[in-house]
Structures are given as C-alpha cells and as structure tokens.
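As structure tokens, one chain now follows by itself in the form predicted alone.
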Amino acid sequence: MKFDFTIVFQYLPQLLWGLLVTLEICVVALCGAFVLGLAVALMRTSSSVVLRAIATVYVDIIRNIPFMVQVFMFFYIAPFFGVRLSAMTIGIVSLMIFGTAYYGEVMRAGINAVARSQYESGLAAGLGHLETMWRIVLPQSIPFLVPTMTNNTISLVKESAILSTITVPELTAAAQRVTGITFSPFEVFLMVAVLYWLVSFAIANIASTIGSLLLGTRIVR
C-alpha cells in the first residue's frame, strides 16, 4: 500500500478546521464540567443527606449510560418535549453533563483522600464548610486530583468524536467527509489519529506543568 501524501497536503486544512471545532466544544464543555463537577463533589461530601443523595443519583445515572446513548437522547428525544437545540449546542451540553459526573467523582475522591483532621481543624478555627473546603482541603487534594483529572480530560476529548453521529462538524466528522471525497480512509484517519494524539500529548504536558506550579506554590506557602 502506497501512502498518498497529496491527500495530506490537500485536505489537511479541512481536518484542522474540524480539530478547531473539537477544541472549541471541549474547552467550553469541560470548563463547565469542571465547575459543575466541583459542585457535585461538594454535594457528595456534604453533611446534608438530601444533597448527597441528589449528587449520588446524578453520578450513578450519568456514569452508567453510554455517552452515545445520552447524545442520542438529547438529539432525538428532547424535541418531543419541545426542546430544540442546534447539534453544536447539544454536543456541548451533553459533553458537559457527562464530564461533570466524572470530574465530580475525581474531586470527591481527592477530597476524601485528605486527612479528616484537616477539615476538622478548619471548623475548629471558625471556618465554615465551604471556606474550609476552599482554603484547606481542596489545595491539599491537588496531588490526588491532577493525574486522574488529566486522564479523564483526555478521555472526554476522545469521546467528543461521538458527536459526529449527530452532524456536529468536529474532527471525526471532517474525516468522514474527506474520506467520502477521496475514498482514501487510510491516509485520512491516520492524519486524524495523529491530530488526536497531539492534542492528548499537549493536554498531558500542560496538566503536568500546571500541577507542578500549583504544588510548588502550595509547598512554598
């Protein structure tokens, strides 16, 4: 089999445009998932039985339903209830909801990994629950959070390829269009694989750098 480099030079811009859409979706969705995941983690570790129950049910439901099924539910079933959104919006919202459950569990595990005495010390010093979490517990949970959060982020970026099934013009959808034109899936999807690998590699290195900076700051203080 001979690799056709002309396909790479001719159609790489279309794939890069699809990659740009993928990054746009992931940045918006995963930033939202991070914030909501923190809220879920705080609910899961709350003293309130009601908050813990709500967060637990949410996490259990989202984590046990395949992402593709959730995307289809938003795309095909939501309109029956009068909810009509663009494919792009559905992609962002569905990825955010899915990511929230996973980020929430990672943060909950990180919080629980910090010695209980640290939390109790904060309360004894007159701090409230949220302030104790923010100022004492969460900073100490960073060593436990960074590796798993990085892996989950990379996994969620790769899960975004499923959005091609609802016509979101992201990287995998762009590859399918180019394949339909060129009838050269080998060259096209090899390029796609390389692009996904580069994004994953960049995320891993950025997360490692951020983690080192945060840990360094915490240790100095």
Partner chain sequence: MDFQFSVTLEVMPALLYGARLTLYFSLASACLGIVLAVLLNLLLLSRNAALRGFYAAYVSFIRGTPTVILIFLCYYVLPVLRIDLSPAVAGTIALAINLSAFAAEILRGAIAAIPKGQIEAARSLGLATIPSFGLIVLPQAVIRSIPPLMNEFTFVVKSTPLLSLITVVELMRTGQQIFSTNFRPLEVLLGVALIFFVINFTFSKLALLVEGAVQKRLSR
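Predicted model, so just to flag it, every value in this text is computed and none were measured. Residue numbers count along the first chain shown, from 1.
Unshown form predicted in complex with the partner chain; subsequent notes refer to it.
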Which pick from Ala33, Ala174, Ile162, Leu42 sits with a heavy atom within 4.5 Å of the partner chain in the model of the complex?
-> Ile162
Among the candidates Ala55, Val192, Val178, Ala29, the residue which, in the model of the complex, approaches the partner chain to within 4.5 Å (heavy atoms) | Val192
Even though the partner chain is not shown here, does Phe144 get within 4.5 Å of it in the model of the complex, heavy atoms only?
-> no
Does at least one non-hydrogen atom of Ser200 fall within 4.5 angstroms of the partner chain in the model of the complex?
-> yes
In the model of the complex, does Ile61 have a heavy atom within 4.5 Å of the partner chain?
-> yes
Is Ile77 close enough to the partner chain in the model of the complex to count, meaning some heavy atom within 4.5 Å?
-> yes
Segment assignment from 119-127, 132-140, 84-92, 69-77: heavy atom within 4.5 Å of the partner chain in the model of the complex | 69-77
With the partner absent here, would Ile65, Ile154 and Phe186 each sit within 4.5 Å of the partner chain in the model of the complex, counting heavy atoms only?
-> yes
